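Just the one chain here, the form predicted alone, laid out as structure tokens.
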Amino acid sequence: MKEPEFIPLGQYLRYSVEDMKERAVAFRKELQRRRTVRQYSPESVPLDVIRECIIAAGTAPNGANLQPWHFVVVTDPDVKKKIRIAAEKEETEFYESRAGEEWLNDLYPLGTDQNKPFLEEAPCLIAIFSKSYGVNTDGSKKKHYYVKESVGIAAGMLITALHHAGLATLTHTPSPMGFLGNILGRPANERPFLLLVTGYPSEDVHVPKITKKPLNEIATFL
């Protein structure tokens, strides 16, 4: 086995404590502006921005650096329509039979239902796939590690990057999502992880009046 190679960390930047605090506060405030949006302008988004955000997401830490993800960017209206039809079919079954009363009660304040017009209205859908295993050049399977954790981190970084760039997003996870792989022609080793709706908010957009838990409820310092 070939010996591993290491290089100097080089790109690390250390800030003063004062600068660290300022940067942390500024970043926290920026992310607190982020809201999930369900009403989108039809205005197209610059694909160069999408590309840069995906490259950023691809820097996410992951198991054994095997990078078990694939991002499919959809802007074609016909493909978006197919995705909406398939998603609403699954969502209808979810709301009418799969979801229990408690789940539906928890969703009620968000005002969601089986109708997903944003899948067509938004200019861009980013389908995130997790690679359950890799494929070697000889066609054999390559084991992947911590796939869900790795792809989840990358998805979070993509959402953050898109927000930072000035775009709104919505995480959509109809269950099951097997139709995504079929519509988008993805290989058998890729499983749909998340459908990220992306674009500019419509001018008259409204969002649910909700709050986030305070620090003392989400963190413990020992």
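Fair warning: this is a prediction, and the values are worked out from it, not measured in the lab. Heads up: residue numbers just count along the shown sequence, starting at 1.
Note that the form predicted in complex with 3-iodo-tyrosine isn't included here; everything after this is about it.
- Within 4.5 Å of some heavy atom of 3-iodo-tyrosine in the predicted complex lies at least one heavy atom of T112.
- By the criterion of a heavy atom within 4.5 Å, P192 is excluded from the residues contacting 3-iodo-tyrosine in the predicted complex.
- Proximity of S44 to 3-iodo-tyrosine in the predicted complex: non-hydrogen atoms within 4.5 Å are absent; the residue sits far from the partner.
- Proximity of H144 to 3-iodo-tyrosine in the predicted complex: non-hydrogen atoms within 4.5 Å are absent; the residue sits far from the partner.
- Put simply, of V79, V73, V135, L107 only one has a heavy atom within 4.5 Å of 3-iodo-tyrosine in the predicted complex, and it is L107.
- Residue heavy atoms within 4.5 Å of 3-iodo-tyrosine in the predicted complex occur in exactly one stretch of 55-63, 154-162, 167-175, 22-30, and that stretch is 167-175.
- Contacts with 3-iodo-tyrosine in the predicted complex, taken as any heavy atom within 4.5 Å, map within 26-56 to R38 alone.
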